[in-house]
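Only one chain comes next, encoded as structure tokens, the form predicted on its own.
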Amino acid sequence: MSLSRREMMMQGAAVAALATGKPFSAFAETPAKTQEQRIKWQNWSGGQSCLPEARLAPATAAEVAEIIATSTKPIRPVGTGHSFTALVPTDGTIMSLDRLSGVLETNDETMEATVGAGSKLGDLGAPLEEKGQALINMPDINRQTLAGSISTSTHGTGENFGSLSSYVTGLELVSAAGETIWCDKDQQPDLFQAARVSLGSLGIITKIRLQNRTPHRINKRTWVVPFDEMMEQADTFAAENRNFEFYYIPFSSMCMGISHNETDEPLAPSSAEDDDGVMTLKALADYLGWAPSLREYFIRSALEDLPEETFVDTSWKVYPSDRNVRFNEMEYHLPRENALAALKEIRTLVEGENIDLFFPWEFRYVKSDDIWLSPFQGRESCSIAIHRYYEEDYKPLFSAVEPILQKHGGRPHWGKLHTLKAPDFATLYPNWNDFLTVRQAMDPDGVFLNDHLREVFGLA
């Protein structure tokens, strides 16, 4: 059996692409009025869905305000549906941010750019480079929108780099009252603190100003090491590289490390490769799940023969990628000092009890910040992400793993599956009540609250 690195991991961790469902109506179209006329919305994995009264796509802040004033509530903004939690479903109105996109303004002196909130991360690289700018760091999925990413504190990896929200220097939103408001550290500072990670609960974000830097090239290296060796060296790898993360392939005893470092080397892009590595792991789980030792032998043998791989490209072509296998996901952000111990404990549980799964687990480093609802507030963190193939029931696996993540002080990713409630968040977030005060002032009638958010905020 011969498995390429790409097959086994790069594509392996995951997944996929475009949100499903039919296109949104243009703003001017009349929304459907009956159940039969309604258009189903569902997220990327298919795990969340609804039949909203209307699906609208405004192109300006004024159109956003008009929708807020006239459309059925609750109103929920949507990007590309990459959240696994029920942030979007509503019987009222779903508002797409697709037409609020693109680079709107740049400042060469401060290296800031203001972009439309609905811009997809993968679409920002080229226009920013034309303006002499680049994002400082990036998550690993290119189809997510900027508004959706900052609203859930979506992140990349690197011990010196925070989530995307930490690079926001100002933003514009339209409130429940239809008022267009700009906020930054000097103008409405409490609203700015709350809005940088707000789950879409304060208003509809229309513009976002980002702190950027100059364009740069990245050398990406991938290599395979045994699990025990990775546990010993992971923190060293994190300190020695600009960005570092690793995947653990369940039932293999092997990890794949990935590093990114700035370079002046000539471009040497990655060649296109097959993307069926995850499905190969699935086939091994299907055929050899009854024999964990034999399954480990096959996977480990394939991985041990993989050579180290390196390529060089512009940063925005290296960091994010398409995801071609759909899944559901749980991700918790843990105090850095607890994270490796938690991962070892999860491995002992899953492999000791032979819990059926094949998706690799992702381990990343994230710098602390001071944002009220950021899972990284006040502590250096590591993130552990557990995936489950979208056709499989994720609940047994996630129910088994989640207590370990919670025991080690984990805070869940706002867009990924978890079971925490308002009292839990009040304990985990020092500024929880500060956020609730701002939210109540911005949206006293709950225009932007669906059932999920009412439960999160303790209003159900």
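If you're wondering where the values come from, they're calculated on a predicted model, not measured in any experiment. Start at 1 and count along the sequence shown; that's the residue number.
What comes next is about the form predicted in complex with a small molecule, which is not displayed.
For the candidate spot formed by 375, 382 and 420, no residue has a non-hydrogen atom within 4.5 angstroms of the small molecule in the predicted bound form. Remark: of stretches 198 to 206, 124 to 132, 351 to 359, 334 to 342, the one touching the small molecule in the predicted bound form is 198 to 206 (heavy atom within 4.5 Å). Although the partner is absent here, residue 140 sits close enough that one of its heavy atoms falls within 4.5 Å of the small molecule in the predicted bound form.
By the criterion of a heavy atom within 4.5 Å, residue 165 is excluded from the residues contacting the small molecule in the predicted bound form. Contact check for residue 260: every heavy atom lies farther than 4.5 Å from the small molecule in the predicted bound form. Taking non-hydrogen atoms only, residue 411 never approaches the small molecule to within 4.5 angstroms in the predicted bound form. Checked against the small molecule in the predicted bound form, the residues 238, 302, 256, 97 give one hit for a heavy atom within 4.5 Å, which is 97.
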